[in-house]
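Shown here is one chain on its own, the form predicted alone, set out as structure tokens.
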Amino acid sequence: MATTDVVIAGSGPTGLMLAAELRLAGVRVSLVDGLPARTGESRAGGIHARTMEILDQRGILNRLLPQGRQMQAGHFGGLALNFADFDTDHPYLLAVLQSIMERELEGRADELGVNTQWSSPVTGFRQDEAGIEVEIGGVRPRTIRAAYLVGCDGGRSAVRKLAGIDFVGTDTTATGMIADVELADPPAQPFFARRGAAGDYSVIGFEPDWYRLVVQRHDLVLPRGAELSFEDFRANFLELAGTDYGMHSPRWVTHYGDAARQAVHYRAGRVFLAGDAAHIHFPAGGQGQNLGIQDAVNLGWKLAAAVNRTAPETLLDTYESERHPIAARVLRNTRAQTALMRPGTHADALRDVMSDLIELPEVRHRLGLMITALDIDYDTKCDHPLAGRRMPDAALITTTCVTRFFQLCRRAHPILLLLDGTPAPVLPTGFEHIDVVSAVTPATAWAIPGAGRIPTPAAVLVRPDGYVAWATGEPGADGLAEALTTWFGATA
């Protein structure tokens, strides 16, 4: 019987990111997927600011930036949201296809020693107090003994079903259709969206000479698994747009619904869910891929700590308590966007009202920070205003170099950052895995999305996922020992 530390089912962006996070911590990983090979389908079309920050922290973002298009505006229900004044180094949407994301994340996982085992679906498991035996089917049936199993295997997750975790929510009421095509008579604008009598349609220019066309119909529900031909797509697009722009040579044609469902729990013993296995929703605002990658980064360091015994087992419970509400919020806002996008007099009136409201900076920031996930505020039991929020990419001067905070995050270690002469405490035995960094920063305050300007702290303890576990404005303040024990306390 093969052995490993963690079996990950599903080799999409969520599974690949999780595998890389675990390998950075020295955890053994078996990444399996039921498909025979990567499909190459384009799928999701972009990533938002918080995901770009996370990829920047791991040194991956620079691989993606040249392959995408920076767009300062996203949208809420088809109403433009400008991100230009958001307090981040990436105040834009990066239009980059999921297929490119997968290629780059797969390259990163490969560098860290992880290769996908294709044609390897999870068909069952048995767990006990010491571990879990995962049954793998396909062309080479086998059993893998591990400490944990994570289902990153999509909305129809076999792992979720085998674990008996309910997937609750609302059924499909509308249908979206996508075709990646070439256009003989392309529009002058490479990116736009319009409303029609029965729904809306959009054109997105990705790479030279080909485009993604989207139709969203609110008077049609296609059965799950139904085939959508290119001619069917063309007819629907022509009906709404009045032209087909000479579309031809389709690379990918598919359809989706607005079903919104979430796993009741993200954990069943030694089994966890992440990405679409834990939540599905209408792709309004481009949040799905981002949500899954951020699930992976939240779960990765906690699983690694459990495997490496550098934190108590109870730390794993914080994955669900932190990430479940974030996905619930996404399901809620995508349902609201679906209502806003419906055709008809009542929806038109609602859009007029919302258009006026979005012009207000407070409303635009509230919606935009939610879409980009820059406003996440976890409960860390620390009352400093930075605690629970993502650490900014602060400029730092150490004794050896001028740097920025994200460059300190490459190894995915916890970091105790001591600023402007704050003396370094003596950490107890068992906390050697924490990087202690003394630095000077030129900023007297940090601009934090959703919180405003916060005076630069004297010391800050940052988790491997880039969120602040503890901070203080005064050297020697209480709370550090408790935070160390809560988040990084070594076990026997």
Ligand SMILES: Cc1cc2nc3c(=O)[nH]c(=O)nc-3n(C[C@H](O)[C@H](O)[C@H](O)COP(=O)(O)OP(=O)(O)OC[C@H]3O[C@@H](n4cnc5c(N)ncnc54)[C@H](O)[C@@H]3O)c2cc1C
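When you see a residue number, it is the position in the sequence shown, counting from 1. None of the values given here were measured: they were computed from a predicted structure.
A second form of this protein, the form predicted in complex with this ligand, is not displayed here; the remarks below concern that form.
Each of Ala9, Arg43 and Gly46 comes within 4.5 Å of this ligand in the predicted bound form, counting any heavy atom. In the predicted bound form, at least one heavy atom of Asp276 sits within 4.5 Å of a heavy atom of this ligand. This ligand is not drawn, but in the predicted bound form it has a heavy atom within 4.5 Å of Gly288. Proximity of Asn236 to this ligand in the predicted bound form falls outside the 4.5 Å heavy atom cutoff.
Using a 4.5 angstroms threshold between heavy atoms, Ala158 counts as touching this ligand in the predicted bound form. In summary, the region of this chain contacting this ligand in the predicted bound form, judged by heavy atoms within 4.5 Å and restricted to 300 to 308, 317 to 325, 150 to 158, 412 to 420, corresponds to 150 to 158.
The listed set Thr380, Thr175, Thr334, Ser120 contains one residue whose heavy atoms approach this ligand in the predicted bound form to within 4.5 Å, identified as Ser120. Think of it this way: in the predicted bound form, this ligand has a heavy atom of just one of Pro312, Pro283, Gly169, Pro343 within 4.5 Å, and the residue is Pro283. Annotation for 9 to 37: interface residues with this ligand in the predicted bound form are Ala9, Gly10, Ser11, Gly12, Pro13, Thr14, Gly15, Val32, Asp33, Gly34, Leu35 [heavy atom within 4.5 Å].
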